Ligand SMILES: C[S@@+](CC[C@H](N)C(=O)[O-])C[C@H]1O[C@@H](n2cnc3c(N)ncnc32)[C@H](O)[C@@H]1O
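In the form predicted alone, a lone chain appears below as structure tokens.
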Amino acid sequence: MIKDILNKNEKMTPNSKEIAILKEHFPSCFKSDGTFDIEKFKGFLSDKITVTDEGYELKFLGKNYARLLASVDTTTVITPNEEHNSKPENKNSENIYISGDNLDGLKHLLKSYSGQIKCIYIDPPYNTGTDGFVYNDNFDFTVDSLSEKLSISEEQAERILDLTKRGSASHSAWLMFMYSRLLLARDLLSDDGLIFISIDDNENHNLKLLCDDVFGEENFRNQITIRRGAKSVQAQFETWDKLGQSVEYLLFYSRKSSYRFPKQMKPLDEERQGSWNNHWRGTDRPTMRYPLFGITPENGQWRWGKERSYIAIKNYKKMINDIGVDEKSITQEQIDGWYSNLDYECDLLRLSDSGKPEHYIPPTDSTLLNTSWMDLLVGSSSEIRRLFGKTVFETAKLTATLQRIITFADKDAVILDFFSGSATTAHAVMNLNAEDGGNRKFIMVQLPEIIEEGKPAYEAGYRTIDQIGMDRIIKAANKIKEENPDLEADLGFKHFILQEPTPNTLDKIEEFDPDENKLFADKTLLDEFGKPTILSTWLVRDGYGLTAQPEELDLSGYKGYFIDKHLYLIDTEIPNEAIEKIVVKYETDGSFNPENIVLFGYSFTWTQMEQLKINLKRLKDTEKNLNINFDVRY
């Protein structure tokens, strides 16, 4: 388990994943000494793509270090909150809340949810100098090892390690922090997946270039503008060193450039809504009204494309002919009367103040969504205050903003937020499901940041940020149930905690040698991890996800855990009767065909492993013809 990961990480480099892909698909480009023949590789691409030596990219100190961090596996384990998860509202929930570093959380999620996330929203630290962002990590690289892994000088390795260990809020530190996480997030997105990232002026330009690097410039969709509250603007203005920043931004990327999201609408303000008789949408914007006299698609300004414009002219001429009047003497009543007798839709006309017929856009209560979301606020502490009865989180985003974002995905989408904060995203998912009957699921990841004494949240009894997020989900769910008593929706969530093994546990793992411990199992390691933690970590590793529920098997008093292609054996002291029962179950139960038997290596002696292998080999000669894979994990 952990020992296997530590051994694998020793050999990991920033481009290990890319090299593995190249070796799989272009083996002829590798020479016998392992070097890569770039010229031969170019030959494979010559008739498909133009290869250029020109380049334009964002470079910063620690970029390859960030790639390395994204490549090495996490040594954290997943501990389920059994008390919370067993509650009736949470027992069968498919919503997930993870307390832990999001870098570790993303690595775990990739093992089960790669290519399955339809929408990601994140609100990372903005690196303003006042938001508390300081880069630190706990990776134990030496100057020599980092210099070798990154193929850089010892001086450069020293600079990077200094940046990570002393804590920095520089542009390079922030970019290094974001780059590793975005690289992992990209691989979680489905082919029709989307990611939205909140940011302000401080790092907006750098984040755009970083996202172009990670997601591809061709996958940039939009930069959306959202209004900031008056108090926030005033607070900036009072420093007298710059104008108050009245907006923030949402960078919006898709996983594939071919993806087209559905048409999006947003409601109009009440004063801009109306009927045919009392309000013409667009009358406050002259460029959306077009006089017809002397205008053709070639020489005039038209709201619609060429073909539609010609149809409008044809309809106009037909109307004049049908009514039997000169176009300069037609009245609005005659126009309205003609349209009211039509049994099909066509573009509408009205008379301008000068008496000339004009195109106009019909009245409606909604309009096409664009990149200006100025009808929404960046955040609203009042929303939190209403839910909690006090302000416990000062930088929460507005739920309405997140609901608009989530509507870009379908109603069965999995929504991920790995900078969860106060869990606005989870709240928005539940709200939308209650409104439109959707079956969206959320995955939240939040570092258990310590809340300082004296802060309102501390005085309210919260000690870490993730406690606020989880409590918000519970309070929001209760409010939704109260307002929708007949609602049948998933308003619970399962909670998991990412934990790093203690130094004592790591020492035991390092010291355990299977060849020297053939006769004795080590029950202490099972006790230190706990069976629920081992099982949850393995289920995610093997692709079953965090909400999987394996079947518990009673094997002559010994417990085994079966799901699909895996049988997990974790406890110590497996009796011969249990081994025989496993074999009999294979032979007699048509639905029991796990191809992999996974053993917690510390719990088994060499003799017990051999007995399992020998007894199960006989299944090769049965009707099932099974060739069982034994996976011993340390």
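None of the values given here were measured: they were computed from a predicted structure. Residue numbers here begin at 1 and follow the sequence given.
There is another form of the same protein, the form predicted together with the ligand; it is not shown, and what comes next is about it.
- Taking non-hydrogen atoms only, Asp123 approaches the ligand to within 4.5 angstroms in the predicted complex.
- By the criterion of a heavy atom within 4.5 Å, Ile117 is excluded from the residues contacting the ligand in the predicted complex.
- A residue is said to contact a partner when one of its heavy atoms sits within 4.5 Å of a partner heavy atom; Ile473 fails this definition for the ligand in the predicted complex, lying far away.
- The ligand is not drawn, but in the predicted complex it has a heavy atom within 4.5 Å of Leu447.
- Exactly one of the stretches 85-93, 519-527, 439-447, 148-156 approaches the ligand in the predicted complex with heavy atoms within 4.5 Å, and it is 439-447.
- For the options Tyr179, Phe215, Phe496, Phe393, the one in contact with the ligand in the predicted complex, meaning a heavy atom within 4.5 Å, is Phe393.
- Only one of Gly100, Gly492, Gly193, Gly560 comes within 4.5 Å of the ligand in the predicted complex through a heavy atom, and that residue is Gly100.
- In the predicted complex, the ligand lies within 4.5 angstroms of at least one heavy atom of each of the following residues of 407-422: Phe418, Phe419, Ser420, Gly421, Ser422, in sequence order.
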